[in-house]
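Taking the form predicted alone, here's one chain by itself in structure tokens.
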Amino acid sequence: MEKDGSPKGPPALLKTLPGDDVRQIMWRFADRFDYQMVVQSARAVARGPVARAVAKGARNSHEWTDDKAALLLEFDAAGITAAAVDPEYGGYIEGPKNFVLGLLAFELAWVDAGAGTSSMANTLALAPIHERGTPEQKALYMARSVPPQPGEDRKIWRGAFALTESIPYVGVDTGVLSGRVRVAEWNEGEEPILHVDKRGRFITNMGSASFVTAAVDSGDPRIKGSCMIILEETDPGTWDRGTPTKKLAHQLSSTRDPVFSLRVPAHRIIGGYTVKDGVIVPNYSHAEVIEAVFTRTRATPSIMTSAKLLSAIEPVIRYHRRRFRGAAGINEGTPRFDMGLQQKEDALHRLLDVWAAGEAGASLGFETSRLLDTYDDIEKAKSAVLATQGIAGGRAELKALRAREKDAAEFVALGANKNRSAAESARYDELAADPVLKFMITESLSSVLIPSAKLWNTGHGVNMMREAVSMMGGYGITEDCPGFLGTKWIDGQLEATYEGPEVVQRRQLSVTMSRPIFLQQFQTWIANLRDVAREHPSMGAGTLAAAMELWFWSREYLSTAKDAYGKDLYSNQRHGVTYPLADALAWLVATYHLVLDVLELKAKGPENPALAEGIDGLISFYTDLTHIHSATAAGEATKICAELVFGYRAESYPLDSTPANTDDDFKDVAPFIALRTKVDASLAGSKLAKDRASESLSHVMIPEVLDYPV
């Protein structure tokens, strides 16, 4: 055996495409039978009713049709609708739901993302109530949103989340609201009755919604600030579902531009309110509610895009192998008959890039979801500790947390130190016992992982989905393309805008990636990769570590550097610097989590009897796939950093210069040149890994037909 555990001699080949046993190990739910059953239920709906609806042409209308509405009943029957609800309100899964909702979205988007959106949108409508609602609001709307049980005579409620508005465009700025709430009636000793005017734009689920959680601003001096409020279909006034949005994507979901002008009781304000000096003061502003919601829900759309890429592998392989069959002179048993386009290196290499991107995106998306499943308890513990110190509310809490950033960074550094002294160990134990620091570290990490997943998975994922479509030739843009690849490519464009387009994610990353806590965490990743590279030299972990070192140096350099005109490079308004640097980081973050998942497969795969027969080929293939993607990510990140470090200088680099004799004007970037050389040298073997993985790709067995109709 080699040092990294791979067999000596020619590598074993991948025998079959990875199935559930592989995914359960890599995504860490092999011990969750309840999750596995949810996956099977969602898959049966996706590859049955959903696939048949798409094949029948259900996507060919902007209207909310009977065929589309029937899918909601399929979701109800399969347990998909109730999966997001806590058992006390009629659900059936204990604990946080971020990860299991990601699994559901993955299975539905494997066939059609619009189906996934229909399911996800109802969860999004409930999210403000779940995260910030009063106990009474939770009990009422959660219970109404699960399917009726046998013997119950009631209709299920479905919701919509109305944040964006038609001024001027959808999704541009969630802080700008035209919706207004006013006091309509307020008799002494009685609850105020409010009047809500709200025009929604691009609101999903409006074709079936019976309630809406809407963001509104005060239009009355007797109401302070903004809030989110629950509107019901039966409220007095205007409930206009609006015209259907003429979208090209996610056609199995209902998207409309509704208009509301309704009278509602004040107890519908999400989170409740108090009255102070005759003024209604919502307990939470709309921004505070949205922050809690989007923190927990943005990972799901990113997983949907990755599902598309992984779903494309089998159809593309089948198309390539059958490309020449039926042509004159192409006889059974010949290489052209058996392998088709897979005789050519280009077809294999390009498909490996698609596959690697899908795996990396799924790894990042599901790791983010797992992290978010720890968030609620950690956040509550933090709030409890701060409350004992008399600290409550947004600004006071933020100030208290900022004062502890040095301690949090110290805790991360001590945790990564394997040779702590007795004094350092005592200090580590002291810090580890503080719930506030535990929250800060989790929040720091999630504040990078969430926008990275949303940015990279959907942005780069759409580009790679186009690549998958192109590998189907003209067949890729037909309605009957196997695997619906053309529509999946179109759908991906919309996922890139859900819950904030790329610019929003880059903006958040440009802030959170520079926090001392995260930078300390990032350095522990580099150290971890160096350890992995020593134990598993064929994975490309050393390449990724070198690229991370270069990114870290570049960020530090750019944070204090000035351009040729003396202006700061790293500032809030210098998007030409901060945004590309965020893009580079997202490449590295996604690939790092692919490395972790493949390490998990290496460790746990051999223990699984179901994988015993082909485990060597499986591990060999994933090792090479990780090496391939590490090289790609390193190249992308290095290119971006080089443009930033050198692109804002006025001087031209001397053509005959080397790191040893760099001109005086470039001495400050000599470390960058050395790191760049280190990255380049670390790429050794990455193309050989691609050749080995190509060999597996050309021999892997696939089913005769797809398991859902075309």
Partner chain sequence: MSTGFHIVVCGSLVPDLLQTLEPVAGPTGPALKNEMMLPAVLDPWAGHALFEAAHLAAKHPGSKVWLVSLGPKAKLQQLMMSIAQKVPFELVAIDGSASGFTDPVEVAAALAGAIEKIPTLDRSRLLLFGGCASASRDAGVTVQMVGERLGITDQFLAADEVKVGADGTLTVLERVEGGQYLVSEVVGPPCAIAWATGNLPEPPNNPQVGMQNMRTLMPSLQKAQLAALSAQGGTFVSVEVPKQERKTRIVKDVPLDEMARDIAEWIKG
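Quick caveat: nothing in here was measured; it's all calculated off a predicted structure. Residue numbers count along the first chain shown, from 1.
As for the form predicted together with the partner chain, it is not shown, yet the points below apply to it.
Contact with the partner chain in the predicted bound form, defined as a heavy atom within 4.5 Å, is made by all three of Asn608, Gly614 and Ile702. None of 633 to 641, 263 to 271, 78 to 86, 155 to 163 except one has non-hydrogen atoms within 4.5 angstroms of the partner chain in the predicted bound form; the exception is 78 to 86. With the partner removed from view, the residue among Ala681, Ala70, Ala674, Ala44 that has a non-hydrogen atom within 4.5 Å of the partner chain in the predicted bound form turns out to be Ala44. When contacts are judged by a 4.5 Å heavy atom cut-off, Pro482 does not count as touching the partner chain in the predicted bound form.
Residue contact with the partner chain in the predicted bound form: Ser61 places no heavy atom within 4.5 Å of it. Within 4.5 Å of some heavy atom of the partner chain in the predicted bound form lies at least one heavy atom of Gln24. The partner chain in the predicted bound form comes within 4.5 Å of a heavy atom belonging to Tyr92.
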